[in-house]
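Encoded as C-alpha cells, the following chain is the form predicted on its own, with no partner shown.
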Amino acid sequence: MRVYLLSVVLVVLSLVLGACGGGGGAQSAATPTLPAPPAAYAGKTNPLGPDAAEAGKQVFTTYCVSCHGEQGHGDGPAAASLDPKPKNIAELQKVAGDDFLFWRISEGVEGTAMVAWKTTLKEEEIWQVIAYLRTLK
C-alpha cells in the first residue's frame, strides 16, 4: 500500500512539475532577467545616433563575429569550442539597455570567453557597436 501511494505521489509531482516547467521556461527564455549594471555604468545611453551603426558593423566584424556570428546569433566559427556558448546578442539587445551592453562589452563577462574590450576599443567604438547591435534581428 505504501509503495502504491508513493508511486501515485511521484506521478502527480512529475505531472505538476512538468506542467510548471514548460510554461515558465518558455517565458524565462523570452524575457531574461539581466543583472543591473554597476553604478559606473548605470543609466548610460548611447550618445551616437543610428547612423553610427555602419561604423559599428565594421568594428563588430573585426572583433565580434568570430564568436557571435555574422548576425549576432552566437554561432560564429569559434563558438563551437566555447563553453559556455556566446550569447545570442541579436535577442539580448532587444531586452538590454544601452548601459547593460556598454558594461558587458567594456568589462567582459567573468566565467565566459567574453573579454573586456575597454582596453582595445575606444569608448566611441563601443557605442558604435551598440548602435549596430540595435539593427540585428
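Since the model is a prediction, treat every value here as computed from it, not as a measurement. All residue numbers refer to positions in the sequence shown, first residue = 1.
The same protein has a further form, the form predicted together with a small molecule, not shown here; the description that follows concerns it.
Each of 66, 100 and 121 is positioned with at least one heavy atom within 4.5 Å of the small molecule in the predicted complex.
Site annotation in the predicted complex: the residue of 43, 49, 84, 38 reaching within 4.5 Å of the small molecule with a heavy atom is 84. Contact check for residue 55: every heavy atom lies farther than 4.5 Å from the small molecule in the predicted complex. Within 4.5 Å of any heavy atom of the small molecule in the predicted complex lies no heavy atom of residue 71. In the predicted complex, residue 117 approaches the small molecule with a heavy atom inside 4.5 Å.
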